[in-house]
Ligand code: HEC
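Coming up is one lone chain in structure tokens, specifically the form predicted alone.
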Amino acid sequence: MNLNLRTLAAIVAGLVLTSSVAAAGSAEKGKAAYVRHGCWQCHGFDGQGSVAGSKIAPNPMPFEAFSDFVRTTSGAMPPYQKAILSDDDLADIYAYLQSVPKARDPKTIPLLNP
């Protein structure tokens, strides 16, 4: 892969921006906003996904892509403009999705291992 300096700088800036925006969110407030805005109806209470919506936790896509998708989607999910879902609520929801614990390794569950 051949990256020039400008491309590399843009990637690093994106990672820094994603980290600072995600760090600004509150997982506690995000869980409340996730429920209030109905995200759970398609994505499940823990973002595990369902027939109606994809899995979005515990490892959500980078914040910039997440925000862009939520604001401009033209698929089955309606776009959530800032008048409906504020930037603060969106950052909080993202923090909540990041806070969802990863599933345990099945090998550590005795009932699943003979």
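Sequential numbering from 1, following the sequence displayed. Quick caveat, the model's predicted, so the values are computed rather than measured.
Keep in mind that the form predicted together with this ligand is not shown, yet the notes after this line are about it.
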query: Non-hydrogen atom contact residue 45 with this ligand in the model of the complex at 4.5 angstroms; finding: no
query: This ligand contact in the model of the complex: residue 37, any heavy atom under 4.5 Å; finding: yes
query: Residue 53, heavy atom within 4.5 angstroms of this ligand in the model of the complex; finding: yes
query: This ligand contact at residue 61 in the model of the complex, heavy atom, 4.5 Å; finding: yes
query: Stretch 68-92 - residues with a heavy atom within 4.5 Å of this ligand in the model of the complex; finding: 69, 70, 73, 75, 76, 77, 78, 80, 85
